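Below you will find one chain, with nothing else, as structure tokens; this is the form predicted on its own, and questions on how it binds or moves follow later.
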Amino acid sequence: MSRTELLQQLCAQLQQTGMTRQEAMAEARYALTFILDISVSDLLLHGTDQVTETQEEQLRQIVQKRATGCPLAYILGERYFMGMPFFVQPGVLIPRQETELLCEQAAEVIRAQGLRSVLDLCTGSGCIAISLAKLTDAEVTALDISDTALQTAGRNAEALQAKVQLLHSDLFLNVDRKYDMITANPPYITAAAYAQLEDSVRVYEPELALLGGDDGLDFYRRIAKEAPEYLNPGGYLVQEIGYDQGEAVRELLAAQGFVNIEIRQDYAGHDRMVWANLPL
């Protein structure tokens, strides 16, 4: 069977699981290029090349697992983020594309302002911390309460040759110094929304990395209250948020004396980040 024929077959099979054609094609293409160890451009340019029976069987098994609801990233053990392959495994949140904008903007500020140190809270796979370490000269520390997350972040830092210090901590509990920037993608899904999540997220991804309390703001309250002690004067606090949490997080930060509070949107136009500074 040719690459193109198999791609269409995989797409059709994935559509039968309830995906749109666009979603199914994206996942089929990802799985096929992963198994064949080729680029998307190579797939398009050499679509008539034949696929071995072994490769066909590997892809059938992937589709079967995917049909159970297990995320493709867990099946393959990989998700690209900022153009880099990150190892992911059950127990660790899968990096999302919308978080890339936070990394891009944070890296720009670090370089422009000459910031020297970054603390990444709730690091998970380490995608934010490692990206900032690769894109800037800042000293980066990444922390998480999950041993699985820290093991995953450590593996990614080593594989991607990123210099990141890892710290086991419940937010700031084991932090003993100040930083120029604190980044965070904390759990922010409300209890009601969590109960309605797709099975591919609710059943397979860690509740610890998703559920932010009844109103989704538990971690933002703690961060707003505790972060000033660990930021240098004028330091930046950069947080990812849910699409409807901007004003609530702004109020929490304002109550703790933060200034220059700004809600920023993602590429789809949804509120996605809140930026703020500690006063000088």
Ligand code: GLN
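Since this is a predicted model, take the numbers as computed values, not measurements. In this text, residue numbers run from 1 along the sequence as written.
One more form of this protein exists, namely the form predicted together with the named molecule; it is left out here, but the text below deals with it.
Undergrad: Do P186 and the named molecule share at least one heavy atom pair within 4.5 Å in the predicted bound form?
TA: Taking the distances in the predicted bound form, the answer for P186 is yes, it comes within 4.5 Å of the named molecule.
Undergrad: Taking the shortest heavy atom distance, is L167 within 4.5 Å of the named molecule in the predicted bound form?
TA: L167 lies outside the contact set for the named molecule.
Undergrad: Flag E27 as yes or no: does it have a non-hydrogen atom within 4.5 angstroms of any non-hydrogen atom of the named molecule in the predicted bound form?
TA: The answer is no: E27 has no heavy atom within 4.5 Å of the named molecule.
Undergrad: Is A138 a contact residue for the named molecule in the predicted bound form, using a 4.5 Å heavy atom cut-off?
TA: It does not: once the named molecule is placed as it appears in the predicted bound form, A138 has no heavy atom within 4.5 Å of it.
Undergrad: Note which of M84, V203, L210, A159 lies within 4.5 Å of the named molecule in the predicted bound form, where distance is taken over heavy atoms; exactly one does.
TA: It is L210 that has a heavy atom within 4.5 Å of the partner.
Undergrad: So which of R111, R155, R96, R116 reaches within 4.5 angstroms of the named molecule in the predicted bound form, heavy atom to heavy atom?
TA: Going through each option in turn, the one that passes is R96.
Undergrad: Of these, 186-194, 69-77, 126-134, 140-148, which stretch puts a heavy atom within 4.5 angstroms of the named molecule in the predicted bound form?
TA: In short, 186-194.
Undergrad: Taking the named molecule in the predicted bound form, which residues of 229-249 have any heavy atom within 4.5 Å of it?
TA: If the 4.5 Å heavy-atom criterion is applied to the named molecule in the predicted bound form, 229-249 yields only E240.
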